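Single chain ahead, written as structure tokens, the form predicted alone.
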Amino acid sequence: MTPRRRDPARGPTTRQRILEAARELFARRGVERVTMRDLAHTIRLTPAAIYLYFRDKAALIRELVENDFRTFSGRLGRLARIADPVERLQELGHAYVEFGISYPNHYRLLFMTPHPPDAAAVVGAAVAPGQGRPEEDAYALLMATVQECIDTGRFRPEYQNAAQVAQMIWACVHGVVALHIVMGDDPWLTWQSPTRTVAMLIETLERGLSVTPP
């Protein structure tokens, strides 16, 4: 059985330290370029100590992605209870940007880090159990919300492809988050509040999509 020992005093468990360091390294350097030896060196453990907690790199990636998607989906999943689909869509956008800005390394790993084919298969296996269930799958919740807007006649007739509309909205909100994560400290730019930017972006999209603009 994989050990879950807690470090002395009040620090995080060794397992948590490994996961946090791996997330940061994967996000910064790419999954393919980080070895278990690199990870061990970063947190001053021996490679053998890493293998006490994770059988191999694939097992580490799987647990990391499962944890991060659980955090992400949990933030958005609670919004499924909002009755009005347009209001729900607005709140999904706000929650998305809040997650990305609050957890930049989580966001980088999930949505901004290319995965080599072997790692991509591991990631797919990690998220498959909740795939398609809106309460566990944030994309499924977005799709269901967009489809409900279409089914209730809230969107104009030219916007009846739920997948296309959902991906358009996702791309717009992702762009705001990604720019702030990658370039938020750029001294040449005066970045506005990402929360306010997304609010205005969602309002603009809603006006363009709606049968009767708000």
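Since we're looking at a predicted model, the values are computed, not measured. One rule holds for the numbers: they count along the sequence shown, beginning at 1. If you superpose the two forms and keep the largest set of C-alpha atoms that fall within 1.5 Å, you have the rigid core.
Below, we refer to the form predicted in complex with another copy of the chain, which is not included among the displayed structures.
Q: Which one of 58, 172, 45, 52 is close to another copy of the chain in the predicted bound form, taking close to mean a heavy atom within 4.5 Å?
A: Result of the distance check: 172.
Q: Among 37 to 45, 156 to 164, 23 to 31, 58 to 66, which stretch has residues whose heavy atoms lie within 4.5 Å of another copy of the chain in the predicted bound form?
A: This holds for exactly one stretch, 156 to 164.
Q: Check, residue by residue, if 78, 94 and 152 all come within 4.5 Å of another copy of the chain in the predicted bound form, counting heavy atoms only.
A: Looking in the predicted bound form, the three residues 78, 94 and 152 all stay beyond 4.5 Å of another copy of the chain (heavy atoms).
Q: Whether residue 139 contacts another copy of the chain in the predicted bound form should be assessed with a 4.5 Å heavy atom distance threshold; does it?
A: The answer is yes: residue 139 has a heavy atom within 4.5 Å of another copy of the chain.
Q: Mark residue 113 yes when one of its heavy atoms lies within 4.5 Å of a heavy atom of another copy of the chain in the predicted bound form, and no otherwise.
A: Residue 113 belongs to the contact set for another copy of the chain.
Q: Wondering, does residue 16 line up within 4.5 Å of another copy of the chain in the predicted bound form on heavy atoms?
A: No, residue 16 is distant from the partner.
Q: Against another copy of the chain in the predicted bound form, would residue 108 count as a contact residue? Criterion: heavy atoms within 4.5 Å.
A: Residue 108: contacts another copy of the chain in the predicted bound form.
Q: Going through 174 to 195, which residues have a heavy atom within 4.5 Å of another copy of the chain in the predicted bound form? Please give them in sequence order.
A: Stretch hits, in order: 174, 175, 176, 178, 179, 182, 183, 186, 188, 189, 190, 191, 192.
Q: Does the C-alpha of residue 32 move 2 Å or more between the shown form and the other one once the rigid core is lined up?
A: Comparing the forms between the shown form and the other one, which are aligned on their rigid core, residue 32 does shift its C-alpha by 2 Å or more.
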